[in-house]
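The chain below stands alone and is given in structure tokens; this is the form predicted alone.
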């Protein structure tokens, strides 16, 4: 019969996401979640200790004052099964990480527990897009495309308008759309390609260069601006370079001040657990919520 800790672990198997704060390495986030899960599993009430019958002897006396041994049957707990003897029931637990975020980025980080790691691998290989918001600033160029890097150039930005920025982004989207079609490995003149495009399934076959599938400006207050990006096979360094290239196309310079992932496949910021909710109970609730949403989606498709 499964122990309470094992039954709890079975309810923890699956996918969930957390909000990774900026300035924290993803390994530290994963280790913190693992520690909290182990603490939650090992704090579940233990099963009652099994008992065994032992025959104990005790000295007694008779009416004539002579000593005699008496034997009595006593039920005692088996101390070899006590947690202080056996140690914690769970000593390690594997928490897998999906599409990673570098230390300076923040946002949705998908994790998997138990058989959720297999689902995580499948999700990693699928053509799911991810959404980001990028904070940029015109007028400066650095050696790593980030505002924390060494400044290598300064320039003016008074000539930049929202209309010019939109034209540059439209040009970038056109270039990336061609790259998307080139890496799709599908005949663009076929019915299959048309049906895949209609359903939004057109994408690179396997690993490819980073591809931007969507790009728009959310805020334009020179020198600061905010972009929303949808992409495939990206890295956060590549996204910072996009900001740099936009600055060059506008005959200026630009650096990236922040990268935040707002969606990774089916997971959004609404689903992400903030740091004070990285406890076993909250994670279990998030995993059950993900399972429920998958069932509802499957029923609606039928």
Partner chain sequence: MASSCAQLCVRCRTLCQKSLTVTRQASVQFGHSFTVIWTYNRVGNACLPIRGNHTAAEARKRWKHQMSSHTELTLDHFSTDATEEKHKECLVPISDNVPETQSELLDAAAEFSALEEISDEEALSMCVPSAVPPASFSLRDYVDKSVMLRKLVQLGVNLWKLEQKPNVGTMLLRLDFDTDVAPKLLFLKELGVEDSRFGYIITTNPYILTESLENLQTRVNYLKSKKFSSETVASMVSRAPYLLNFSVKRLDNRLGFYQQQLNTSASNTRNIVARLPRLLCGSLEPVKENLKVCQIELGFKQNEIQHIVFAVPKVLTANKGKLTQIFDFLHNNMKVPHHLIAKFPQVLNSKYLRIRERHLFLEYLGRAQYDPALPNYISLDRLVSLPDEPFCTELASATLEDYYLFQKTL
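Numbering follows the first chain given and starts at 1. Everything quoted here is computed from the prediction, not taken from an experiment.
The next section is about a form of this same protein that is not shown, the form predicted together with the partner chain.
With the partner chain left out of view, the stretch that reaches within 4.5 Å of it through heavy atoms in the predicted complex is, among 160-168, 79-87, 109-117, 207-215, 79-87. The closest heavy atom approach of residue 33 to the partner chain in the predicted complex falls outside 4.5 Å. Looking at residue 260, you'd find a heavy atom of it within 4.5 angstroms of the partner chain in the predicted complex.
The closest non-hydrogen atom of residue 269 lies within 4.5 Å of the partner chain in the predicted complex.
Though the partner is left out of this view, residue 12 does not reach within 4.5 Å of the partner chain in the predicted complex, counting heavy atoms only. This chain is displayed alone, yet in the predicted complex one of 54, 47, 39, 251 has a heavy atom within 4.5 Å of the partner chain; that residue is 54. Using a 4.5 angstroms heavy atom cutoff to the partner chain in the predicted complex, none of 26, 100 and 281 count as contacting. Contacts between stretch 7-31 and the partner chain, counted in the predicted complex as any heavy atom lying within 4.5 Å, involve 19, 21, 22, 24, listed in sequence order.
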